Structures are given as structure tokens and as C-alpha cells.
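Quick heads-up: it's one chain on its own, the form predicted alone, in C-alpha cells.
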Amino acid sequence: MKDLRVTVLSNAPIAAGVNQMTFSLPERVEGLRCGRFVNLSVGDGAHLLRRPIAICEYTDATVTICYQIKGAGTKLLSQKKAGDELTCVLPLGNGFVLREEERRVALVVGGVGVFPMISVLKEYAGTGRAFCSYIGFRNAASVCGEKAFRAESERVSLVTDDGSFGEKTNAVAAFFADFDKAKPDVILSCGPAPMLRALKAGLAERGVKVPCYVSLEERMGCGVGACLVCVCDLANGARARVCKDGPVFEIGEVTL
């Protein structure tokens, strides 16, 4: 983990209320991996807390993130131009790791949860794995990342809540409708809590024993486990810090 001053290379909209930013790193950073995240300043002294944002793509010299513009902080972030400097702590969290025997991978994704999953696709491209992707958005204006999923997936089901793009359904329903054809060795998921709860309930109802790992979306303060803002409940009655112990957990391990 390093605290660095990074330089914005590009920052532009890719969907309604969603921007993509690429910034350069002043030095090589060890430990960049799919599913991990950065804690990025918004470049304004009035907003002291940095914003936790998933890594979408990375190289030795650059990191690409995508973020939803939801409040004053992310609005300021969306106004940054090429050449602007920001401070960034990275990499944070535990990320996704696929075991060698996990050859068929189902990705169940909702909304801005697409971006950690793009990092999975990019990292494991060329390893001979078959990805089956089930992606849900609110509407056509929210759709993003389609090209990356279609380029790296054996099967893609991209759906919307209102039917304005693809089938009118959700990612979890699309996944279970295709489960017998996908035949996953492992399931990875990221999206809003109601989606994750539906996935957990669906797996239990069907008696599915396939390993499933979820990346949780929580508000964070420090991003390094000190402030306890992002604590979540575990199924065993204990508590965990999403930023430090996660954000990736086995689905049965957490209370959703």
C-alpha cells in the first residue's frame, strides 16, 4: 500500500452519471489485482475524505477507475482534467483470486458493480477460463462496459429493469435461468445489496454448492481499517471491516 500523488490522464463520461478516469502512477506499485480498490482524493480541501473506488484496469504505469457521480465529492472528481494531480492510497482490500481448478466462472453483476468484474476479465484473459456474464442495469442509459464483457465472455446476458436494453429482468434471474448451461465452477458477484441478497437466497433455495464470492459496496472513511465506518456483520456473529477484511467475502460468510 502506498500513498502517492497521481496525475489525471483522462476523465470522461461513459454512461449516464458515470465517468471513467485514468491516472498515471509516479512509481511502480506492487499488489495491484482485480477486485482491489483505491482511495482517491477529489482535489478539494473542503472534502477531506477520499473516495473508495474499485480498480477497473491497470498497468505498471496507470490505473483506470470508473465511478458514479452521486454527491458533491464525486461531482468535483468528474470535473478534473488531464494534468490535474490528486492523492491516492492504493492498492486496498483483498480482491478476487481464482483457483487453478476454477475454469468456468459466472459473473453476476449489477450497476456499477461491473467495474470490479472488468478487472477480473482483464486479469484472467488468456488463461483458458470460460466466463459467463450476467449483467443488470436500470435502463439503457446506464449500460456501460458491454464491450469488455463481450470480448472476454463465452456467454453474455445483459438485461435492464425496464426492458429498454436487452430482456426486462435482473442479473440474478438471468443467471439462474442459464445456470444449467453455464455450469460454473465458481460464482463472482458485485452489485447493490438487494441483488446480493437475492443471489444468496437463490443459491440456498436451489441447493447450489458452487463457491460464490461477493464484493461488498460500503461507505468508507479511512479505507485502511482504522475508522470502522464500513463494518459489516458476519454469519457467525462476528463483525468485519469491508475495507481491510474485504471487500470480497464468501457469500455464506456475510450477513447481507
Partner chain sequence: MADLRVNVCGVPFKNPVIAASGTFGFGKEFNEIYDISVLGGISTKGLTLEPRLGNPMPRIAEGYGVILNAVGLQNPGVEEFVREDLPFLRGKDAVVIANVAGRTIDDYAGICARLDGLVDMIELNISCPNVKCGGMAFGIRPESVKEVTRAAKSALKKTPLIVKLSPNVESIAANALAAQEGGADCLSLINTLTGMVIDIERRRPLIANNTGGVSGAGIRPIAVRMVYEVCQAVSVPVIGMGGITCAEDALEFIIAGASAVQVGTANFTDTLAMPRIIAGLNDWLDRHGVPNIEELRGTLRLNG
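Computed from a predicted structure; not experimentally measured. Numbering follows the first chain given and starts at 1.
Here the subject shifts to the form predicted together with the partner chain, a form of this protein not shown in this document.
Novice: Only one of Arg206, Lys70, Arg28, Arg219 comes within 4.5 Å of the partner chain in the predicted complex by heavy atoms, so just point that one out.
Specialist: Comparing distances to the partner chain in the predicted complex, the residue within 4.5 Å is Arg219.
Novice: Sort through 184-192, 59-67, 226-234, 208-216 and report the only stretch with a non-hydrogen atom within 4.5 Å of the partner chain in the predicted complex.
Specialist: Contact-bearing stretch, as computed: 226-234.
Novice: Answer yes if any heavy atom of Val8 is within 4.5 Å of a heavy atom of the partner chain in the predicted complex; otherwise answer no.
Specialist: No.
Novice: Mark Arg50 yes when one of its heavy atoms lies within 4.5 Å of a heavy atom of the partner chain in the predicted complex, and no otherwise.
Specialist: Within the cut-off, so yes.
Novice: Using 4.5 Å between non-hydrogen atoms, is Leu256 touching the partner chain in the predicted complex?
Specialist: Because no heavy atom of Leu256 falls inside 4.5 Å of the partner chain in the predicted complex, the answer is no.
Novice: How about Val89: is it within 4.5 Å of the partner chain in the predicted complex, going by heavy atoms?
Specialist: It does: once the partner chain is placed as it appears in the predicted complex, Val89 has a heavy atom within 4.5 Å of it.
Novice: For the stretch 1-17, return the residues whose heavy atoms include at least one within 4.5 Å of the partner chain in the predicted complex, in the order they occur.
Specialist: Going through 1-17 in order - heavy atoms within 4.5 Å of the partner chain in the predicted complex - the hits are Met1, Asp3.
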